[in-house]
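Here you get one chain, nothing else, as structure tokens; it is the form predicted on its own.
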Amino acid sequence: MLIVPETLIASLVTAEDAFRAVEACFAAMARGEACNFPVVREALGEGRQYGFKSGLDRAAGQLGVKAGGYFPGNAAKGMINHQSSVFLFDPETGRPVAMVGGNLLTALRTAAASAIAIDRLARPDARVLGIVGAGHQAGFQLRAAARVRRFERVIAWNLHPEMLPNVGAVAADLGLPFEAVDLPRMREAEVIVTITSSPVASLMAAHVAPGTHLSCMGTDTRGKQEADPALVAGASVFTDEVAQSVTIGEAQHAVAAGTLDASAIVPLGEVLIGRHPGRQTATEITLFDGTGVGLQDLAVAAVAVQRARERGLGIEVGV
């Protein structure tokens, strides 16, 4: 078994690698060649969450699980709040193949999924990007979004505004003007990415203009909520996996209220393989409910393992 520690990931996997790996994952799911297993998620108290996401991709020959969660006290200890590791197994024999540091990979695959949704669902002429959230992943989201649209400026809001300069620094690095705004000014954005860990909706229907694309990436646990259920119910909703969308994703609240039917939610992979047209009008609001599926974690971890083996990196241990 090869151990690929977190310290090697940045030198092995790029944002472009993650985009292509997650894109292939979406397509395999839509073709029925890959499936995610039920998510296990447990509350540990004091805001801590721990769980497992796993799956099997027959097309790619990947079987595995990501173990990890959210530990909000980590920031005070100099660590990021999300901590995880990915374990890969031989799908034919069950033999462990690799253990891979999952922190950067999680950020890369989450941003990649959002960017793929923007690429396929946002209006081609979108020029203003809105970011709701300013935590560790916000910068990854901004960089990934900027790869698929020629944005001219970035606006952002965060519950704790003192964190917004971190997003502004990434925008400056990309050469994009940046402005911290109040939520009502999100109507200026043609693409909005939400990336928070909020239990209460912050982005309301009145904050979003017709024709906007939303990538809602923060809700991955029962009870979390970033967007007004009325906003979700009024949008054309796409997701990584419907089963997760309606139980732990952003759509859970609108579905529970009876204002959104699960049958109306479209897997994004259906758009990638040409089975669904995606956006159909310039004025409709499209919303991608990015719950984060285990298959995405396996896909990017497999890239890390392949690169590590090619370069003679990592630690080989007997099992």
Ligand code: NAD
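Start at 1 with the first residue shown and count on from there. This one's a predicted model, so the numbers in the text were calculated from it and none came from an experiment.
Separately, the form predicted in complex with the named molecule exists; it is not shown, and the next lines address it.
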Check your understanding: Does the named molecule come within 4.5 Å of any heavy atom of residue 50 in the predicted complex?
Key -> no
Check your understanding: Is residue 137 one of the residues lying within 4.5 Å of the named molecule in the predicted complex, judged by heavy atom distances?
Key -> yes
Review point. Residue 220 near the named molecule in the predicted complex, any heavy atom under 4.5 Å?
Key: yes
Review point. Is residue 77 one of the residues lying within 4.5 Å of the named molecule in the predicted complex, judged by heavy atom distances?
Key: no
Review point. Taking 127, 239 and 280 as a possible spot, do all three reach the named molecule in the predicted complex with a heavy atom inside 4.5 Å?
Key: no
Check your understanding: in the predicted complex, which of 168-176, 189-197, 204-212, 143-151 comes within 4.5 Å of the named molecule (heavy atoms)?
Key -> 189-197
**Study point:** Heavy atom contacts to the named molecule in the predicted complex at 4.5 Å, residues of 148-171 in sequence order
**Key:** 158, 159, 160, 163
